[in-house]
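One chain comes next, on its own, written out as structure tokens in the form predicted on its own.
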């Protein structure tokens, strides 16, 4: 006798790649992302991190929100919505961008793919369809369609990634430049490949109609068998992106439309994204507020820190001296970096204190007891780690 599941609407959806990922998730370590069942890790976080850095790994980006924006007014609408000048974006290119409220506070960041003259794909970490529909007001010829569930996405990151794709039969993939797009015939359809990623090293993202997801997975893992291919989850991703100095929502920034407390959200200037804000454009959402902020300077600034010692400064408070006389900021993300061999962190620091001493108040457990330590911090200007193949075309041979 058939029964109705009373919790059907609350259960997590499964990615098109889930039938292959589930048997490989030896620890059954799942979390959720946008209503999808999503791997936190498969076997061991550090092991998966080293797969990314030394070989290659796959990361399921099917839960990432994907919107197809089309029509003669598509470019004008998106260009008004985001802070970056999309008029410079050529066909078959990708750009990183962010979009803000009228108060200049960041709603989200993401990537925009220019697929054709009047056809774009926007990807972002959180649902954005309501904001896109509001942004369409005043434009006659533009349509937005959520293609998240019909488009499967798989990130392939690591130094052997290009070799794996060549073994898969993607002729000419080695000529693809960073933030470029190429298309290849695949089992009667089209596989789109972008040279993009979130690890700071060589990487690609593969986009395929969802019904061909498992076919792609099987072919990719067969091609990568001799090149160390392995799946990795959110925990290893977080390690790699922090070494690269990339921001993460709900760690470095709170999405403005979901933030309750006044100014507990952030602006692009506070996040060090000045280069994404183009005031040469005549108008975009938040322009006036951001222009005023540029003139007076942001109150906080996201800052890269080297921290003395090896005790990770997770959730640490920052002070202007060892005696903790004045709080000057807080840590947003922290880790011991295997690649940089350093204790690293990203932190929000009041700009007026950036030139002075910075100390982190770190708490860590020792045999069930909390231990307090003060550690000196040094400001870093560059990413903690950058892969040798991140920008090189063709990538280094492996």
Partner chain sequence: MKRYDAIVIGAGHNGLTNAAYLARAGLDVLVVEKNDYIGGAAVTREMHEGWYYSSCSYVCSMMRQAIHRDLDLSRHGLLLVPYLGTVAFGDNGETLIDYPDEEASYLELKRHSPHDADAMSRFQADLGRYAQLIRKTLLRTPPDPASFRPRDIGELLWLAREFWKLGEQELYEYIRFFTMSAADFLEDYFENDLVKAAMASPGIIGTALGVESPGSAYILLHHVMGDVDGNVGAWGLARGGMGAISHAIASALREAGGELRTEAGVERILVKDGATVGVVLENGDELYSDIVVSNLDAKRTFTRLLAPQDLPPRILERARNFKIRGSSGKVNIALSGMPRFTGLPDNPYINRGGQGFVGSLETMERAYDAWKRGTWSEDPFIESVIPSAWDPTVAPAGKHWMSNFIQYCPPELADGPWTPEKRDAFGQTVVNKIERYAPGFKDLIVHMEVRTPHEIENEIGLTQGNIFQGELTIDQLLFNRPFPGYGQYRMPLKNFWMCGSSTHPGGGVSSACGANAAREILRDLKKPNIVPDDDCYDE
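Residue numbers count along the first chain shown, from 1. Not measured: the values here are computed from a predicted model.
Although it is not shown, the form predicted in complex with its partner chain is what the next lines describe.
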> At the 4.5 Å heavy atom threshold, is residue 308 in contact with its partner chain in the predicted complex?
Replying inline: yes
> Counting only non-hydrogen atoms and a 4.5 angstroms cut-off, does residue 341 reach its partner chain in the predicted complex?
Replying inline: yes
> Can residue 54 be called a contact residue for its partner chain in the predicted complex at 4.5 Å between heavy atoms?
Replying inline: yes
>> Residue-level contact is defined here as any heavy atom of the residue lying within 4.5 Å of its partner chain in the predicted complex; does residue 227 satisfy this criterion?
In response: yes
> When its partner chain is placed as it is in the predicted complex, which of 32-40, 326-334, 65-73, 342-350 ends up with heavy atoms within 4.5 Å of it?
Replying inline: 342-350
> Has each of 50, 160 and 398 got a heavy atom lying within 4.5 angstroms of its partner chain in the predicted complex?
Replying inline: yes
>> Where, within 17-32, is there a heavy atom within 4.5 Å of its partner chain in the predicted complex? Residue list please.
In response: 26, 27
